[in-house]
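Shown next as structure tokens: one chain only, the form predicted alone.
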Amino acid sequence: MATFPEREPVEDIGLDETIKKLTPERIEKTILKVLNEESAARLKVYVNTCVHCGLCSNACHFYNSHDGDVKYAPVSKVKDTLWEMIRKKGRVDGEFIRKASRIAFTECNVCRRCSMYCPFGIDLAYLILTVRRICHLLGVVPQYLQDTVNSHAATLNQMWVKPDEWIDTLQWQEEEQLDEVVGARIPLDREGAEIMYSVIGPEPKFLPQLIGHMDQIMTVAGMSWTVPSLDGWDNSNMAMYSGDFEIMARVERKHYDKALELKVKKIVMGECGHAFRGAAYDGPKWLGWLRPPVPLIHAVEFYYDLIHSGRLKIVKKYEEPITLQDPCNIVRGKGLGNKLRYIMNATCSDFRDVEPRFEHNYCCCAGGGVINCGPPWKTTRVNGNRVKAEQFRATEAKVIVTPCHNCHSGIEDIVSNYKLDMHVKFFCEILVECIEIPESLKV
């Protein structure tokens, strides 16, 4: 049985209380169901190929931030969880499941950086997600993360935003933008528009100005666009990271069903990496689709197209020293690193890149659902990414651009904890300061 190297105790009823309801029979049956019915050859190949060399260790921000503590090495996390379940043929106890859940949900961002350093290209994130799947089916999930999934199940958005609250927020932001730009409307349910714009739940709840910024950008660029008035507007999907693939698929199906209903040509997704992963890859795959039924692009790609084509003209540059974060799911996962730097250089006069960068950049340590595990795990999360603070400090920048909500929130915590003299922004906040407003659209 795995010994589980000692960790500081953290109370979480989603782990501590739920294991009391488990029986040995249920644990064994659930583990074998996932291993034998959901995983098949892919899991077997990875497990049998790994030679336990540990070359993945130095790729992990948790491992590096804890001065090479072996328990945080990716191979150790898999060894202490999934391999033990396989070796024991599912015959593990509730306390083992609680500890495995802690490792899988709060000490790994499933960012896939480690897979780049594996000599065999093993997808260790897939192995950890398999552990999460087992824990979900057993009901042993950090409570805050499970609450977010429950919100998805009940309201099809992660923040329990009611329909009238969504509409009120859109109207409010439209009124704000009409004071800045003539005709800055936010069109609802416009059939046949070129673009359906989708956001994530925290925007209407906490960051409505980002919707207003996109209204201004769309108006100045002369885009034909629309926003759903009802379910389908939220493109986030925390169920993907809790292991609840059934709710994940339901959320993504509604997202695409709305785009098909509105007969749009493509979906433009706001600045969020995990939402892009859910909508472009994991969601469609679980639904059995070869590809999404409506083309989908991330905001970074959209901004690049608008600036590169001249639909948005840059008339001044942001002057403060500025750096950026490469969101894992759009840079390591989609390869948008060059386009991200194109838009940064186009709008910023003192852009200072990080090292390492592109697909080799460190994860924000908030993605992968880790930040949604909530306040009980904040210290674990922030201590797990000291290397990110050191990376940003080395640039001597004053602003960090993070075109992803999880990156934004996670890096704000890092800035605060490590006392970096920096501010965190989304790229749209930079863009609206730099674009030309045509005379015909000036208020």
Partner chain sequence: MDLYEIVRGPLAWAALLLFVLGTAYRIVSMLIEARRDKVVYPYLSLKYGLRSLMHWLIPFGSVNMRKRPVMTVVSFAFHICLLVTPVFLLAHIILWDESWGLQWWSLPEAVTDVMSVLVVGACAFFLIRRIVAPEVQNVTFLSDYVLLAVVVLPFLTGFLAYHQLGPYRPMLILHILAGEIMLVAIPFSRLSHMFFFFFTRAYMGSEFGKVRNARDW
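Positions refer to the first chain, counted from 1. Note that the coordinates shown come from a computational prediction; the quantities given were computed from them, not determined experimentally.
Not pictured, yet referred to below: the form predicted together with the partner chain.
The contact residue chosen from 323, 198, 347, 76 relative to the partner chain in the model of the complex is 76, the criterion being a non-hydrogen atom within 4.5 angstroms. Contact with the partner chain in the model of the complex, judged by any heavy atom within 4.5 Å, is made by just one of 313, 99, 341, 360: 360.
At the 4.5 Å threshold, heavy atoms of residue 375 stay clear of the partner chain in the model of the complex, well away from it. Contact between residue 37 and the partner chain in the model of the complex is found at the 4.5 Å heavy atom cutoff. In the model of the complex, no heavy atom of residue 394 sits within 4.5 Å of the partner chain. Proximity of residue 62 to the partner chain in the model of the complex: non-hydrogen atoms within 4.5 Å are absent; the residue sits far from the partner. Taken together, the three residues 66, 371 and 382 lack any non-hydrogen atom within 4.5 angstroms of the partner chain in the model of the complex. Residues within 4.5 angstroms of the partner chain in the model of the complex, judged by any non-hydrogen atom, belong to 43 to 51 and to none of the other stretches in 382 to 390, 413 to 421, 43 to 51, 400 to 408. Residues from 119 to 144 that approach the partner chain in the model of the complex with a non-hydrogen atom closer than or equal to 4.5 Å are 119, 120, 121, 123, 126, in the order they occur in the chain.
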